[in-house]
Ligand SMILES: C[S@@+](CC[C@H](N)C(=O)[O-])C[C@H]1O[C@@H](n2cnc3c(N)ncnc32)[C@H](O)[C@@H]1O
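Quick setup: one chain, the form predicted on its own, written in structure tokens, and binding and motion questions come after.
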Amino acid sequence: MTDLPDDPVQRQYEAYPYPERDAAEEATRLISGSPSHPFEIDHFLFDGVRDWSQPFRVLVAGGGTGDALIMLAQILADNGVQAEIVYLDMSQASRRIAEARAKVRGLTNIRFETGNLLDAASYGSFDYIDCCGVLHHLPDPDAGFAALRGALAEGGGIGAMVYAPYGRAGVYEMQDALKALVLDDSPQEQVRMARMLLQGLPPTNGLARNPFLNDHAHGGDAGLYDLLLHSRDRPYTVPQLFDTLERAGLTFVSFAAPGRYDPRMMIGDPELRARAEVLPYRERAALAERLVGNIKVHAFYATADNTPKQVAQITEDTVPCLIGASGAALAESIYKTGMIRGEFDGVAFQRKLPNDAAGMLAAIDGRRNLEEVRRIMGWEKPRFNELFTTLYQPLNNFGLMRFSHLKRFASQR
């Protein structure tokens, strides 16, 4: 394994494991997010119909203090999936926190390794690789992307997150300013001086005017260091991300929240919307990123370049699953207002729906397929399919509904 004892990033995460986590809190909450929720993995990489009775091998590359690791391990264990999850990180301090969290939960499907993700292939091949918040901190990010590509099993895929520039407005100017002031100080002294500087920023400062970043305010010392004092930190625009994936032999599948990259969400004029609609997908996504202006990170799924895209499609066998949303709450919104309303990172969305959509939500339990839901409702197929498509589009756009056979598999064991 590659040993990097003098690496400044490794030194940072030994001093300030990120994000800050208390293992005792595992007794009361499961932190979930995107990418890497098993419903999403199934939806974007396995056509929504993965056979969960088969073994599932996962690499969490750069696992940090364990958010994605614990979410994946717990949900897979709860649903009886035979999984081996390999945690890999170069920070011993971060690993200790992740191990403590797993111990509180009694998780036995994790193997902990200390090492560098550039050596990912030495741990075998994987059906799924999670890599969030890591690649943009490497000395050579392209080498990191290529290393993950080399560790993918046939038909497998990657869920990753990298920083995006526009939503991080003000960050890089402040990083440069702090390097000029505190570069040679200890990590603890750098944090102290950074807090002093933040208290007196002029109102014209880019970070002070950015309402979408709060790591320095609410993330503790580790959050502040990760945001403003990081020694290596590069963001990716949409075109830069696509170019990087292509160089690594990876094929882009989807962003985790596709609606964030749809310029029609930001354009009201019909003529301009029509022009946006005919652009190739890459150009549409890049346009949306520029227009919305506050995307801080790109969370996305990708496969090896010789693997066909396998995003789930609507069929009778499709099993819809809600993530981070209550079907009852969504149904109540439809009954009261006649529409679904929501917000994702400052972008509001709404869709007018008939009251029948509330009944459909009540029948969606993550186990029934669409044909079974239709029979419960007693509708003819054309009417049912039209309503479900209308319901699904906004929920899929913002990560609230995915297609997966995971809970169906668990219920039939």
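The first residue of the shown sequence is 1; numbering continues from there. Please read these numbers as outputs of a predicted model, since none were measured by experiment.
One more form of this protein, predicted together with the named molecule, exists but is not displayed; see below.
| task | Can you check 46 to 54, 380 to 388, 62 to 70, 358 to 366 and let me know which stretch has heavy atoms within 4.5 Å of the named molecule in the predicted bound form? | result | Result of the contact check: 62 to 70.
| Does K296 make contact with the named molecule in the predicted bound form, using a 4.5 Å heavy atom cut-off? | Although the named molecule is absent here, K296 would stay clear of it in the predicted bound form, with no heavy atoms inside 4.5 Å.
| query | Does the named molecule come within 4.5 Å of any heavy atom of G156 in the predicted bound form? | reply | Result no; G156 lies far from the named molecule in the predicted bound form.
| query | Looking in the predicted bound form, any heavy atom of H137 within 4.5 Å of the named molecule? | reply | Yes - in the predicted bound form, heavy atoms of H137 and the named molecule come within 4.5 Å of each other.
| request: Determine whether any heavy atom of P19 comes within 4.5 Å of a heavy atom of the named molecule in the predicted bound form, and answer yes or no. | output: Yes - in the predicted bound form, heavy atoms of P19 and the named molecule come within 4.5 Å of each other.
| request: Quick one: from C321, A98, A160, L117, grab the residue that has a heavy atom within 4.5 Å of the named molecule in the predicted bound form. | output: So the residue touching the named molecule in the predicted bound form, by this definition, is L117.
| task | Sort through C132, I340, L178, L107 and report the residue having a heavy atom within 4.5 Å of the named molecule in the predicted bound form. | result | Of C132, I340, L178, L107, the residue with a heavy atom within 4.5 Å of the named molecule in the predicted bound form is C132.
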